[in-house]
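In structure tokens, one chain follows: the form predicted alone.
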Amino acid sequence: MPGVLDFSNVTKDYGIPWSRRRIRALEGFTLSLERGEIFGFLGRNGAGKTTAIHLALGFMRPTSGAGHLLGKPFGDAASRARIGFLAENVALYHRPARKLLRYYGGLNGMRPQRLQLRSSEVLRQVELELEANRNVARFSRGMQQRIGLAQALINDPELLILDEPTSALDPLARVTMRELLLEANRAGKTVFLSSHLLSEIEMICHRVAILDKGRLVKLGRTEELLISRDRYEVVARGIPTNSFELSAYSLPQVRGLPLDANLAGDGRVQFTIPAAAQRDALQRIWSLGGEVLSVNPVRRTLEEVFVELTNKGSVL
């Protein structure tokens, strides 16, 4: 069954003016977006993210391969009318906010009565209802980002494609944006989110793809990607804090205590170990008369995963 957005072995080359050389922006890119998910699309500058988005929208054609948007080949006009798109660099006509939204809604064939109601709804959602009659040319960058999201929502789309939607927002506005995307997802919309703010991606995305130099290097569910399989966190009780040699194990994470001190109170000690040393570590705790309280894989941040993959250039 096809997804909401499908790339099938897509390659895109760009020619260099006045030269026979070509630059490869995407290579053998395959991806399927599932209906109803929030999907994070990550990569360094120049990785090929915006190229992939522009191909999906039909702004350009692939050098090879193919793709489908809402079941139709890339570039199908009827399919584009069912999506909402926010570009990385927002460029809007200089009109009052409400009139601007009505203009974009009209381009999608919305009827005047429905458009009037919908304009008020999305202005309220992005917290710009008090600026409805103000020309967007006088908006701050953050306000332009929000009115840009409003135009992406105006036609009540099935799929939202957002390229760096939080790049110009302050922390409070990012929280508002995050809640808007979660609300849209709860209403049944699929969200394709390209962003450099990895903490935001980590909080709301169901799945994540990482692109490096035009190639897909990682794809998976966010929670699974953040679980380390080579290091484990151990919490024990009733052992000295210096029970493990630093040559084999990491420094015990004991706040405010010297390495060779015993813990007061319930005597908990927390430290991390390599996966290969797990059995030996547990046996040592028991041999010292201690109690193992928990053993869990170390949870990494998305930033750590991203840096590791894009530095090594690993391929899926």
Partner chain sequence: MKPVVLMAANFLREHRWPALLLFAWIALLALAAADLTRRYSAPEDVMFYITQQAIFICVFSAFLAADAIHNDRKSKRILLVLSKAITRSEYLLAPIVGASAAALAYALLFDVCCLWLTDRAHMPSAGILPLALLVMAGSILAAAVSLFFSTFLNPYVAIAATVLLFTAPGSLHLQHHAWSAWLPGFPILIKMIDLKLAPYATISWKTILIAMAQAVIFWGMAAAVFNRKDIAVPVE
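This structure is a prediction, so every number in the text was calculated from the model and none was measured. Numbering follows the first chain given and starts at 1.
The protein also exists as the form predicted together with its partner chain; that form is not presented, and the subsequent description refers to it.
Against its partner chain in the predicted bound form, the set Ala25, Gly40 and Gly65 makes no contact: no member has a heavy atom within 4.5 Å. Across the options 86 to 94, 187 to 195, 173 to 181, 226 to 234, residues that bring heavy atoms within 4.5 Å of its partner chain in the predicted bound form belong to 86 to 94. With the partner removed from view, the residue among Gln125, Gln116, Thr222, Asn108 that has a non-hydrogen atom within 4.5 Å of its partner chain in the predicted bound form turns out to be Asn108.
Within this chain, Phe59 lines the site of its partner chain in the predicted bound form, having a heavy atom no more than 4.5 Å away. With a 4.5 Å cutoff on heavy atoms, Ala81 counts as touching its partner chain in the predicted bound form. Within 4.5 Å of some heavy atom of its partner chain in the predicted bound form lies at least one heavy atom of Gln151. Contact annotation: Arg284 falls outside 4.5 Å of its partner chain in the predicted bound form, judged by heavy atom distances. Residues of 7 to 29 placing a heavy atom within 4.5 Å of its partner chain in the predicted bound form, in sequence order: Lys12, Tyr14.
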